[in-house]
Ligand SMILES: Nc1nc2c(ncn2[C@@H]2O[C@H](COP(=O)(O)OP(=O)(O)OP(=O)(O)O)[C@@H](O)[C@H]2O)c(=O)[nH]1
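Taking the form predicted alone, here's one chain by itself in structure tokens.
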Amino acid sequence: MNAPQTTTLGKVPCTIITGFLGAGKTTLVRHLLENAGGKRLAVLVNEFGDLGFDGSFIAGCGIEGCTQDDIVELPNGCICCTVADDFVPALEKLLNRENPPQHILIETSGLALPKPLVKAFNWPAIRSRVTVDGVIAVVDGPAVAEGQFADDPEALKAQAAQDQAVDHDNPLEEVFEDQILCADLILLNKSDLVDAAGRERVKAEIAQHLPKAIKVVETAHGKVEPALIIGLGAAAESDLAARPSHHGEGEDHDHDDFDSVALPLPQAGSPEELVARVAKAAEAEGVLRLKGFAGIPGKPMRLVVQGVGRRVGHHYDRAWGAGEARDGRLVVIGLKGFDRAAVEAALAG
């Protein structure tokens, strides 16, 4: 048996991959698994809501050397809020395997704050066994270009003039800022969907949120040289002071501004018909992210659909299993009180 690769302190390195809903974290993780170069990798994937799909997208991808045991899924909560109950035991389970991983990839939910997770690496149960090799923030280039994470200053000024007591807190902007403020490297993903001038504007927008220079790398479809991400040696758990957050020491962090629901996704006659339904659902008030899968009559493979804002994509990810029920499901994540009725009506066709 080969000994696991460790840092100079004898710890197994871990890479935390953070980023807002739909930025491309899972796509990046799959790319890293596909290009592991013989290194034993394991993945901890966390999702916001009761049903997890990202773990199944990774586990079902057919990557050589990547088994079901290498993917540990933590649904029903936010990893940054359930460190003691979920994260630490899951990490220990991976470390205690007969053939432990040489590197662990940790994909947070799109609403997670990475700093509490980095702090968890100082817990007595794991601090002598693992280290944060680096925090990678995946940024959705088109979403930033469209102003999803920034308030309109003119609109705020007009609103303040009418009502001085109005609350201007933007929960999307706070999550976005916390994620990039904790990063050792920022990936500007989906850069192929933004022109050169737009990419420069997005980089300038990111820089406005940062108190220090952090390297920004342009990527498309999460494809990046693994050596840029794995092997940073950041030991981020020992560098917490340099990673500011909107949520101070000991301050409670919750997700009361957001909600999620898993809904049935009926079969459609064609991928185009299914995408049209999901795209209509994405237009409902308050919806931020949709992701799920469904069956297409006559097709042996499962069709995955994912939407961010008004952008909806689809692809076949794997064959249906023998005897597997072809019941489609769609997870919808949105602001608290989003228009669920409109979403359900759109999905029903």
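Values in this document were obtained by computation on a predicted structure and should not be read as measured data. Counting begins at 1, following the sequence as shown.
Beyond what is shown, the protein has a form predicted in complex with the named molecule; the following relates to that form.
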Task: One stretch from 300-308, 36-44, 316-324, 279-287 that, in the model of the complex, holds residues within 4.5 Å of the named molecule by heavy atom - done: 300-308
Open item on the list: With the partner left out here, check for me: in the model of the complex, does some heavy atom of R201 sit within 4.5 Å of the named molecule?
Closed with: no
TODO: Considering only heavy atoms, tell me if K190 and the named molecule come within 4.5 Å of each other in the model of the complex.
DONE: yes
Open item on the list: Considering non-hydrogen atoms and a 4.5 Å limit, does the named molecule approach P114 in the model of the complex?
Closed with: no
Open item on the list: I'd like to know whether H221 contacts the named molecule in the model of the complex, with contact meaning heavy atoms within 4.5 angstroms.
Closed with: yes
- [ ] Would you mind checking 10-31 for residues with a heavy atom within 4.5 Å of the named molecule in the model of the complex?
- [x] F20, L21, G22, A23, G24, K25, T26, T27
